[in-house]
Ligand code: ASP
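Just the one chain here, laid out as structure tokens, in the form predicted on its own.
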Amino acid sequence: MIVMKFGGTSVRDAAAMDRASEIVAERIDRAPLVVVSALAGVTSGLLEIARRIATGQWENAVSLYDEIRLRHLGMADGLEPDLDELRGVLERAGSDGRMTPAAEDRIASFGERLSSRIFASKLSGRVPAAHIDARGCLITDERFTRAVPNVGETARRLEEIVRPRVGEGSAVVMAGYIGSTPSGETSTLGRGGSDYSATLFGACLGAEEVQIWTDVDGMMTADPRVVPEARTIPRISFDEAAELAYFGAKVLHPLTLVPAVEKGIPVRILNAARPDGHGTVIAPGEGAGDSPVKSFACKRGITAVTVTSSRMLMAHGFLRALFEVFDTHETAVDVVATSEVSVSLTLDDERRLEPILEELGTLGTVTIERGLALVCLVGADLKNRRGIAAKVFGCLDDVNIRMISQGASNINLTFVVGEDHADVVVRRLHDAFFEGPEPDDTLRRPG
């Protein structure tokens, strides 16, 4: 069997649904399990509804609900019960006058619930197909909006519920992104979690391959919106792809590859608009390529936090105390740089920044800098290749590099720049390593 996951742009409207269902039908002999995202923009719309309810904007929330309702009703029959249920959830949240994480998850879940029903309806017009509610299979903890799957229980339920329905000549359609707690409350895996659902299902069921169908030809040497000359990477290793996903490559959710890596299941990125393409295969081992660098990724919206304290000098336990603050507030750190009396680190999640800064203030003087971007080079054995750093920073001699991280990993070199310089930096690096056209971007030199 194979798992086929279709992203929001691949199922954005009736025409896209038809194309995607045809792609599945052509592969029916491989016993496909189809995982579907919400229609493009719907999850954002549902979360905006939740925000409007939380801020007392009931009429504006209902107006947006009506738009989403009409968008879905024209695509398939039998959706009224789900849409009426969504309206009921909104009314209860509105009457409570508050929006809990659990209520937000209930609202957000309807995007995938509706799209998967529509897809199953479209597919059943071509081949035998069944819709299975993912909430009965994907069991998570109660960390609403960012729930963590219980892999053992999820695997047991997939074997019991899904395995008998997946077979030669038939297909199963399920929603990505959503699950439920042991008590039956709807939960979500966080934005982009449909990719994670797909590889988790594939790992639990022993799929031969997980296919991620999106709107690009595969993983690219850079974001094609920033570098039009970016090329498709034919083959890349799990580790390299995971680094790119974590550091901003939008094709994959950062958690996507974890289940696949553990089971050694290849993941293939494909373009739903060009289904005959090879795409990018993500698999164990080093991918082929002429350049030592496979790709450049960029993560924007970065904040740098620096803690300076003379107590750090030759002190035991200072770093442990510092990182315990971030652990307590469940906030991930991307890049770390240290000197004798200071530590600088970056994060992309400011939701708990205020209490973090308050606790860090007990360790030393704290300063923050916003409006930054992480630029990451990924490739095989970069740490041991001579001249890589010289080539990178040689073409960025007029850029203020805030932080540098190399050595912790063999496959990446990461540094921090101002967010307003990020696109220019990526274009210059791509030109340097992939011999693209001479860039016409310039940066004003200091002074």
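All residue numbers are counted from 1 along the displayed sequence. None of the values given here were measured: they were computed from a predicted structure.
Form predicted in complex with ligand ASP: not shown, discussed below.
Discussion item. Is Asp105 near ligand ASP? Define near as a heavy atom within 4.5 Å, in the predicted bound form.
Written reply: Contact with ligand ASP, no.
Discussion item. Within 4.5 Å, heavy atoms only: does Glu112 come near ligand ASP in the predicted bound form?
Written reply: Answer yes; at least one heavy atom of Glu112 falls within 4.5 Å of ligand ASP in the predicted bound form.
Worksheet item: Hey, in the predicted bound form, is Gly192 touching ligand ASP, heavy atoms inside 4.5 Å?
Response: Contact check for Gly192: yes, within 4.5 Å of ligand ASP in the predicted bound form.
Worksheet item: Looking at 394-402, 30-38, 413-421, 48-56, which lies within 4.5 angstroms of ligand ASP in the predicted bound form, counting heavy atoms?
Response: Result for this chain: 30-38.
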